[in-house]
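One chain comes next, on its own, written out as structure tokens in the form predicted alone.
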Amino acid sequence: MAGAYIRGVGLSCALGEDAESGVSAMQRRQVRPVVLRLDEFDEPLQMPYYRIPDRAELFDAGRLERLLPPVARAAVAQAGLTPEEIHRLPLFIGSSCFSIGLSESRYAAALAHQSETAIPMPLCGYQDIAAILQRALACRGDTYTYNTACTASANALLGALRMIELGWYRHALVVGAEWANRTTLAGFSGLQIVADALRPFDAARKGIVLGEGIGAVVLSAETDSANRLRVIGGASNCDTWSVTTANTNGKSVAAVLNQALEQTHLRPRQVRGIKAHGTATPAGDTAEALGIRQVFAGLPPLSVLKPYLGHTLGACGINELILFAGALQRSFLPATPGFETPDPALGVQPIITPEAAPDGHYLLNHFGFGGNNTVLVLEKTAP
């Protein structure tokens, strides 16, 4: 059970523009989505949205180049990497939007100039995020990109972990990036699963609330005296039951939970808590709740973080890991805003007040479109 240590983090999300501010805001149960109105569509859209509080125009094509480098630099600085280590640093990137916002801007410019030759979605730059990071950090290591919907950055972290355990790298920078774009907002609105508020596992849940966020984690084969959080493993599987969710009977969710436990040589009773995916969709929460109940006879404390930062899609694996790890470092499990009325069909109730977070093992659930299911296993030990 080698695993890899979390040596440095950086975060920018609706809770704040650095990781410490984000964890503090979460501890205060600060929840602050804004209301978006998109009038440029034939049918105007209005929805809540968790945006990064940078005061810039939301769909400014230059936001990514401004927001991404400080997050990565914060993670690398906290990890204390040398210039040579940074130069060789491999990048593992998970996203479900990549350069869609930039592509939208180019299409709009082409439409205004010569509409008959304008091409919708003229680019899909899967390497754009890596290129920005390499320029900002002066690194020239290998790059890997993951696009597995809402599990993208969780799978990127699993990939980095495996390569560190194999001895291919001593350190790796894992980045989850998701930022506002009209294509994503319109697409989820069209699916009719966008709600007015996030109510994970609640009997009155109606759907997701989207958000944007950029997170960065430096994983290392070794730790320092101050850091005792380690990703010790995880698992991923694919369920083809539906395009948009895991099988609502919970079997594929239970399978990936069991696989993660077996891979890390743990028994269910050794799990101290679960960071649930908790999309608050009727089908998604059903699949997750029934899967958890098939694995755990007695449920450990359950936290859902999306009511704090929104569903950040391909970036949620890293963004929520950073917030959950920060809470563990402060020895608390976050409460779950939005949960009020238990759903008897689920038999799962997230905690509504913070609880103590003892040393031990924690599971982090992530489930995505296309039936991709990923679970990470995090270990907290005493200094």
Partner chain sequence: MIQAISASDYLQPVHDGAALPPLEAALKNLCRERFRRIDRFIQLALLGSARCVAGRTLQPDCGIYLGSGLGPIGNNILTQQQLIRDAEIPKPVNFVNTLGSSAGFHVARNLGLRGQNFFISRRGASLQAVLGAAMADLTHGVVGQALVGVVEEVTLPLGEHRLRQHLPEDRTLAEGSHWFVLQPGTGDSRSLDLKRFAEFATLEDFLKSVWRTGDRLCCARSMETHAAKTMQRGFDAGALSGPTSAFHDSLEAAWLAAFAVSREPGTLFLVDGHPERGWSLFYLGA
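It should be emphasised that the depicted structure is a prediction, and the values quoted were computed from it without experimental measurement. Positions refer to the first chain, counted from 1.
The same protein also has a form predicted together with its partner chain, omitted here; what follows describes it.
Within this chain, F296 is remote from the site of its partner chain in the model of the complex, having no heavy atom within 4.5 Å. Its partner chain is not shown here, and in the model of the complex it never comes within 4.5 Å of any heavy atom of A131. The closest non-hydrogen atom of T264 lies beyond 4.5 Å of its partner chain in the model of the complex. When its partner chain is considered in the model of the complex, D196 lies well away from it, no heavy atom lying within 4.5 Å.
Candidate site formed by T143, N155 and L191: every one of these residues places a non-hydrogen atom within 4.5 angstroms of its partner chain in the model of the complex. Residue-level contacts in the model of the complex: of P282, P268, P301, G125, one residue has a heavy atom within 4.5 Å of its partner chain, and it is G125. When you look in the model of the complex, the only residue of I351, A56, V31, L45 with a non-hydrogen atom within 4.5 Å of its partner chain is L45. Partner contacts here mean any heavy atom within 4.5 Å of its partner chain in the model of the complex, and among 283-291, 95-103, 68-76, 213-221 they occur only in 95-103. In this stretch, 316-351, not one residue has a heavy atom within 4.5 Å of its partner chain in the model of the complex; the partner itself is omitted from this view.
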